[in-house]
Ligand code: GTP
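First, one chain by itself in structure tokens, the form predicted alone.
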Amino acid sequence: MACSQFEYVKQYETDDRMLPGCWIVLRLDGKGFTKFCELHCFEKPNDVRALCLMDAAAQAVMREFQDIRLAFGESDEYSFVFPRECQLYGRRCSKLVSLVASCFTASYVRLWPQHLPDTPLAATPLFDARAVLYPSDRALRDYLSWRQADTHINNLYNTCFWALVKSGKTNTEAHTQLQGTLADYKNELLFSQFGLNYNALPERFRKGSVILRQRVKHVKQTADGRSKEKERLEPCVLHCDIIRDHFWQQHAELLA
């Protein structure tokens, strides 16, 4: 493009390249999702359809951006991890944040009919995003451990809260009864009053979703009608503990 008298405006653009040598984590959160969930009558405390939709949107993001090493999701949030050496879009913060957020949101809308076919989309889903840098493997693991611990804390509370509400208590009464209580109390409440063993609930609810790339076998038909098996890396959803060392030992390539 030829230079013009207006080109000086480019000098107002800021350089937002993120520090090299650090893990990049982009975390997305749903905006106003409490009302969004109520509007679409999501099941409480967990709606499997909505959680699967979040996972599917995250998988779509990982297919679009091959640099992403792994992702972790719970409720209406997802974190995407880019490796230290990532040079995608020159590590420009605004570029990465806006593209990942828009890809996730567009995928969420596109995939909605597949996961909630009987529930028309009645409002525009919005997701905000931020980028955070972590300088070490330990800091990255601690971040992901924090998010998984948050998943457990929130789900234990929500499971108790909605059990109380469904039993006849008001929202205020349920909140008051649970306020300031510890995990032991909540576990005992669920078991003694509702016959629920919290540890027997699906791991998806208690531990969230981890997405990493794994080799998946695909059968392809050749031109002569024969079946040929091929392997390719696909973003796969797991529900497992990522706080303890076992996960990281089993998937050592993630921190390589």
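Sequential numbering from 1, following the sequence displayed. Since we're looking at a predicted model, the values are computed, not measured.
Here the subject shifts to the form predicted together with guanosine-5'-triphosphate, a form of this protein not shown in this document.
- This chain lacks the partner; the member of S192, Q66, T34, S227 within 4.5 angstroms of guanosine-5'-triphosphate in the predicted complex by a non-hydrogen atom is T34.
- Interface residue among S79, S75, T159, S107 relative to guanosine-5'-triphosphate in the predicted complex, by the heavy atom within 4.5 Å criterion: S75.
- Just one listed stretch, out of 35-43, 184-192, 207-215, 56-64, contacts guanosine-5'-triphosphate in the predicted complex at the 4.5 Å heavy atom level, and that stretch is 35-43.
- When guanosine-5'-triphosphate is considered in the predicted complex, D29 lines it closely, a heavy atom lying within 4.5 Å.
- Interface membership of D47, defined by any non-hydrogen atom within 4.5 Å of guanosine-5'-triphosphate in the predicted complex, is confirmed.
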